[in-house]
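Here you get one chain, nothing else, as structure tokens; it is the form predicted on its own.
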């Protein structure tokens, strides 16, 4: 299968910017990606935009044409929505376009504006990604849902809050020197354990923040890159998607994520690799327990054995399998519609050597990104490799 080569990436600073509109954020990220690629805007054949809450946060739907205008291009433009996996699903569509010959150059990005809604508004807006009948009407928010998953994990497999605290400590350490990260501050296990509770056993530092931000990347065909002399040292060689029941109550298990398992298996098959070929990961750690479930669902740990990976240092920057060198959603930030694209942007820079944590993976050849929606009712996985 042909690869989609990454010609350029761009990302705004992630954080609290209630005065900035979605179009303003996307214009910056898209413009940076186009400049990084060194292409003319007229060369872009299509635009995909990941966004989840535009109607709620800005009273704005129909974002495809709006973001095309914001970034200054005249190409078919489409918005993709799949809750917090919107960005990753947009990347998947762009990869398909390049592979099937529909397009030679695609700009794909994601954007979310959240702080202008306030904490209560953003929490309510995010909750619509859950099942209205069985969860929203019962008062379940996503902190509550992931807390239930963590409690069930502890009951079935063991583990405790301190194990999860090590996930937060690791990801904050990775973000400490990332200039685009929302939280550039290291924390201790004690600080995580002493933090105010959000939904037990999850405390404040077990949860990803409310974030404003945008990210973008330019994907090109191999033939276009060669014809135009573009340097594309990284390519997306595999993509996979999985789906599960929306409501936790309708699943066989609360501590296993079939959508992640299916997306990972399909991405491995698509790229022609196995998990043993992967050198490092960017996974969807919206809550600390989510990182544990991700590394198990993707096959790097047996079910019930991923809980101690961060505590043992195995997923640290200098560990056997570095996870979330960007800081992850937990510390880099989680502007939900942009997250899946930001993972691609950060991993590309880690490969290229222009990321603050590139030294941790200087000899790496294969990376994997994992982006999830809701309580992992949707998942999308991409394999990135150093281009030959």
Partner chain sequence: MSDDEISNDGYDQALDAIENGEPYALECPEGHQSMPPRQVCPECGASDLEEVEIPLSGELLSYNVTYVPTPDFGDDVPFVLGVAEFDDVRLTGRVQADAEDVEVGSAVEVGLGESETTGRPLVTFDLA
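In this text, all values refer to a predicted model and were calculated from it rather than measured experimentally. Residue numbers count along the first chain shown, from 1.
Note that the form predicted together with the partner chain isn't included here; everything after this is about it.
When the partner chain is considered in the predicted bound form, residue 272 lies well away from it, no heavy atom lying within 4.5 Å. The partner chain in the predicted bound form is not approached by residue 100, whose heavy atoms all lie more than 4.5 angstroms from it. The partner chain in the predicted bound form comes within 4.5 Å of no heavy atom belonging to residue 276. The partner chain is not shown here, and in the predicted bound form it never comes within 4.5 Å of any heavy atom of residue 304.
For the residues 83, 192, 73, 140, the 4.5 Å heavy atom test against the partner chain in the predicted bound form is passed only by 140. When the partner chain is considered in the predicted bound form, only one residue from 152, 96, 228, 266 comes within 4.5 Å through any heavy atom, namely 152.
Only one of 193 to 201, 258 to 266, 173 to 181, 311 to 319 lies within 4.5 Å of the partner chain in the predicted bound form by heavy atoms, and it is 193 to 201. In the predicted bound form, the residues of 252 to 277 lying within 4.5 Å of the partner chain by at least one heavy atom are, in order, 252, 254.
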